[in-house]
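First, one chain by itself in structure tokens, the form predicted alone.
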């Protein structure tokens, strides 16, 4: 997997911060010009540009919220600086309410070939309770316009565990997204992160997320529904139609080297982890942190990430053979050739399985 590498670009700007968001984001659009100037300088000065690039991912934040010229110019710079593989997957995260037809045209012309829409839910009441101003019509129009422009690879993020969610409502939403052209779905569990508005609301009894047991039940039912619609799980949270697995995300789980540009972005290259600072002043001052990875931590990470996927991990990496044999006997994990993977019915309790094997 090390014959190529990936690129991640962090675009931190958002119109407003969602109640659940713990990512590094910024609502001050007065620093957009300055940010992209430093971002381009960082890309231009990168020394790790000898290996070809298999995927590029613009995430955030909300990349679609800034003027498209900044995004397109940054991608153009990357193309001139690095060797881009012919079948390179180039993704951009977009929020439906800020995704205009003109922006989509510009993204497509610049070379983006995959869009990841931050939908989270098609239910307006559920969205308002987590601080998102968006509706199903905006989602439908954004997806329709993306197809019209020429995009064929449309991914959608959904949150599982929102207050009031039911299996019936979620199944209906998935059916609609499928009809509107989704080729990939990411189904993420709602995380209640400290120092977020949602965390305070939960503590004060103002928001009641679904209990973990109910989330696992919903997840298992949705797995079956997605399979009926032709979406196959290749990672615990990710489902794709044939030919639309996300190369970039799969690269992370298979520990492919990657370069991260922008505030709070991380790189994993030459056995080192390079972390950009979480605050803008330190980023503008060129600060970063380098950590040399030891083999044991890399092996544990390989197991933890690999078991999240249907491809599994090489058996010889798992040192806890007693637990492994026990899980094999119970049919919780499966051995295929020299690989160990989690059985389909146990993805809902994946974390407990991983802890037993690390």
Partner chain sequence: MEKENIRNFCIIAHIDHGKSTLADRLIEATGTLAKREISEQLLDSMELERERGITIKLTPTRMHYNYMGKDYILNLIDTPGHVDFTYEVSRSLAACEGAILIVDASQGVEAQTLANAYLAIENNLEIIPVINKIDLPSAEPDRVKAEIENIIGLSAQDAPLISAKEGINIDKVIEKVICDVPEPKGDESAPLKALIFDSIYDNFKGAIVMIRVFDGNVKVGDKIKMFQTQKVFDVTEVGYFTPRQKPCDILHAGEVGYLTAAIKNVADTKVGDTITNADNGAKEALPGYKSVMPVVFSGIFCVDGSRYNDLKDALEKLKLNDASLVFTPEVSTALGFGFRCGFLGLLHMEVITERIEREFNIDIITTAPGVSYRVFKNDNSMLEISNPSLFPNFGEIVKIEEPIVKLEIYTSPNFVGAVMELCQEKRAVYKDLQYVDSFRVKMSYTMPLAEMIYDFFDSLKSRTKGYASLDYEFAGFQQSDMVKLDILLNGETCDALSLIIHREKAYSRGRAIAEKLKKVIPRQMFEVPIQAAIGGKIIARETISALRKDVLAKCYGGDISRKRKLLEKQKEGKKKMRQIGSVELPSEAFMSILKLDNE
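Just so it is clear, the structure is predicted and the values come from calculations on it, not from any experiment. Positions refer to the first chain, counted from 1.
What follows is about the form predicted in complex with the partner chain, which we do not show.
Partner contact region in the predicted bound form: 251 to 259, out of 69 to 77, 169 to 177, 251 to 259, 123 to 131, criterion any non-hydrogen atom within 4.5 Å of the partner chain. Judged against the partner chain in the predicted bound form with a 4.5 angstroms heavy atom cut-off, the residues 237, 266 and 346 are in contact without exception. In terms of contact with the partner chain in the predicted bound form, the residue from 229, 245, 216, 84 that brings a heavy atom within 4.5 Å is 216. Heavy atoms of residue 301 reach within 4.5 Å of the partner chain in the predicted bound form, making it an interface residue. Using a 4.5 angstroms limit between non-hydrogen atoms, residue 13 is distant from the partner chain in the predicted bound form.
Contact annotation: residue 189 falls within 4.5 Å of the partner chain in the predicted bound form, judged by heavy atom distances. Although the partner is absent from this view, residue 31 stays clear of the partner chain in the predicted bound form, with no non-hydrogen atom inside 4.5 angstroms.
The partner is not shown here, but in the predicted bound form the stretch 43 to 77 reaches within 4.5 angstroms of the partner chain through a heavy atom at 60 alone.
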